[in-house]
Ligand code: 17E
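Coming up is one lone chain in C-alpha cells, specifically the form predicted alone.
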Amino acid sequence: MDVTLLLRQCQLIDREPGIWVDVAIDQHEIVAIAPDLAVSAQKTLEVNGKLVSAPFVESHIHLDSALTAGEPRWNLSGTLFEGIDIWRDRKQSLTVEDVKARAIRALRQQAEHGVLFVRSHADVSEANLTALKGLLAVREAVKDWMTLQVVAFPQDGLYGSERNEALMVEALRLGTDAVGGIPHYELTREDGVRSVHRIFELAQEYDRLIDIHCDEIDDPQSRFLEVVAACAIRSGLGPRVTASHTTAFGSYNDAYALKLMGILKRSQINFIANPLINITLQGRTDTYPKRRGVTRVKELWQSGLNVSFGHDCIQDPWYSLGTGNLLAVADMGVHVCQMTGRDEINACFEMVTGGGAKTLNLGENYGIEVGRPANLIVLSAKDRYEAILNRSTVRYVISKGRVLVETHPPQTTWHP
C-alpha cells in the first residue's frame, strides 16, 4: 500500500501505555492503524512513543474581539460589565478587514497549540453586522486547515434594542452555524425567558445548533438554565443545545441545585465552562470568602453530562491575557474545579478534546479511526496527565492529512 503520510510508533491516547501503533494517512483520510505497518509513504514521521491525540477543540471563544486588549481603554475593574461597555465603544470602529486580520492571527495561534476545531461567537447587536460578516469571511478563508463554527450572539440582548431580533434573523439568513443568546443580560427576567423561547424557535426554523451564554453572573437568583433545559426537553433538541458559562450554578443553594441536576440529566444538553475567564471575572463584588466563579463542572461530569472547556477570550476587553493554548485552560480547570484525581485530570483533558467535539456536534468528522478525516496532533508527553502537567509542546499538527505545524520543544542545558 502506498500512502501520503505515515506516523511510526504512536502512543494513541485511547490505547494502553506502551502499546504503540503506526497510523497511515492517504490524502485526507486515515486508512490504517496497526503495529509495524508495511507501507510505502511519501513522508514518514518518527513519533517514538509520543502521545497522539485527536486535535484540541476550542468550544467557546470570541474571535471578533480577540487581540483588542487596551482598545480604546483597559478594563480597570476587571468586571464582565465594564468589558461589555469597553467593547460597545470598540466595536463602533470595527471593519470587516479588522475582524478578519485579528481573527486569523488568533486562529493561527490556536493552531500552533493543536487546535483545529473552533466555535466562535460573533456579536450581532451592531446594525451593520460587521463582526459577523468578518467571521463568516474568516470561516471561508481558513476552511482548508481549520473548522470554524460561528454563533450569532446578541451581546446587548435579543430584546436590548428594538432592532436586535431582526439582526439575529438576518445573521441566521447569512449562514451562521448556531443561534446564541444572553438571557441574564436582557432588561427584565421576562425578556430573558422570552429570549430563550425565541432562540429555540429560530433554531428549529433555520435548523441551527444552539449555544446560549447562560447565567454568567454571580446572582443565585439568575435561573435561566432551567428554562433552557425545559425547552430542550420539550423540543427534543438536547444534544444540539449548549449552555455556556452557567456560573450562577455555583452560587445556587444545594436544594435547588439538586433538583436542577435531575432536570439537566433529562435534557442531555451540553455545558461549557471557561475556567480562565470565569475565575477572573466572577466574584469581583465579593469580599471574603470569594467565590470561584465556575459552574459545577465536577458534579455535571459525575452525572454523565457532556462538559467542555473553552478559552473564551484572548487579549480582549474582558481578559488581557491568553495565548490560545487549551492545555492552560485544562490546567486551570483541574485546579479551580478541584479535579486532581487521575480520572478527573483525564476528564479535564477530554473536556478540551472529545467533550468539545461532542459540543460542536462533529460526529464522525472527529477522532482517530480508520475512515475518518486525518486530523491529529502529536504531543511531547506519554499520557494526558503529563500533557497537562507540563503543558506539553504540540510537536506536530496534522490537518486534513498534511503537516500544518511543526514545533520543537525548548531545550535546557546545564553548565556546572
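Here the structure is a predicted model, which is why all the values come from computation and not from measurement. In this text, residue numbers run from 1 along the sequence as written.
Below, we refer to the form predicted in complex with the named molecule, which is not included among the displayed structures.
- The partner is absent here, but in the model of the complex a heavy atom of Trp318, alone among Trp301, Tyr252, Trp318, Phe117, sits within 4.5 Å of the named molecule.
- Checked against the named molecule in the model of the complex, the residues Leu80, Val334, Leu136, Val227 give one hit for a heavy atom within 4.5 Å, which is Leu80.
- Every residue of the trio Phe153, His213 and Ile277 has some heavy atom no more than 4.5 Å from the named molecule in the model of the complex.
- When contacts are judged by a 4.5 Å heavy atom cut-off, Cys313 counts as touching the named molecule in the model of the complex.
- When the named molecule is considered in the model of the complex, Val99 lies well away from it, no heavy atom lying within 4.5 Å.
- Taking the partner from the other structure, the named molecule in the model of the complex has no heavy atom within 4.5 Å of any heavy atom of Leu132.
- Shown alone here, Leu264 lies farther than 4.5 Å from the named molecule in the model of the complex, counting heavy atoms only.
- Heavy atoms within 4.5 Å of the named molecule in the model of the complex are found in one stretch of 141-149, 213-221, 323-331, 291-299, which is 213-221.
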